[in-house]
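For reference, the chain that follows is the form predicted on its own, supplied as structure tokens.
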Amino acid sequence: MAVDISVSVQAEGFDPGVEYSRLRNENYSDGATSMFVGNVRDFSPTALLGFPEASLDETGGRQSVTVLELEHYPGMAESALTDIARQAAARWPLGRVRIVHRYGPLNAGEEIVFVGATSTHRQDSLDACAFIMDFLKSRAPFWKKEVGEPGDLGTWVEARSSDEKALKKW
């Protein structure tokens, strides 16, 4: 049976509950649905990842983030996400895969990404979601800029070695 793959790259927000319902709608053969929802943090996580000087403000506090600006390469982003979903479907017996990724300016707390996968068994759907997120973080053509206070020009987020390291487990 073919896997139902659905990918959206959009500026508009999304409702994780609605996305869950799309995965479950008339889906009676899959007993497991796994999801991941990523949100904009209100601080730069760089210090937590081994670069403390890069994410501390001049007073030694955490560098605040009020807006995360995401840019993408239209057409290529959708294609890359679809390819990642197909790779997951080749590894695990999935029924449905849904990926939503936003772009544009996003405020702290807003949803950035939704990844959902269904399967007959929970571990397959859980592993597929983790795989998709790991590859999405490193292989999808999105660029992020963290903006702090109003008037701040922002800082582009560098690729992280931890993201590349996460791929090695697959």
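Remember, it's a predicted structure, so these values are computed and weren't measured experimentally. Residue numbers here begin at 1 and follow the sequence given.
Form predicted in complex with another copy of the chain: not shown, discussed below.
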| property | result |
| --- | --- |
| Contact test, all of P16, S29 and E111, partner another copy of the chain in the model of the complex, heavy atom 4.5 Å | yes |
| 4.5 Å heavy atom contact, N39 and another copy of the chain in the model of the complex | yes |
| Touches another copy of the chain in the model of the complex: T66 (any heavy atom, 4.5 Å) | no |
| Another copy of the chain contact in the model of the complex: R160, any heavy atom under 4.5 Å | yes |
| Close approach of A166 to another copy of the chain in the model of the complex, 4.5 Å, heavy atom | yes |
| Another copy of the chain in the model of the complex - contacting residues of 104-134, heavy atom within 4.5 Å | A108, G109, E111, T120, H121, R122, Q123, S125, L126, C129, A130, M133, D134 |
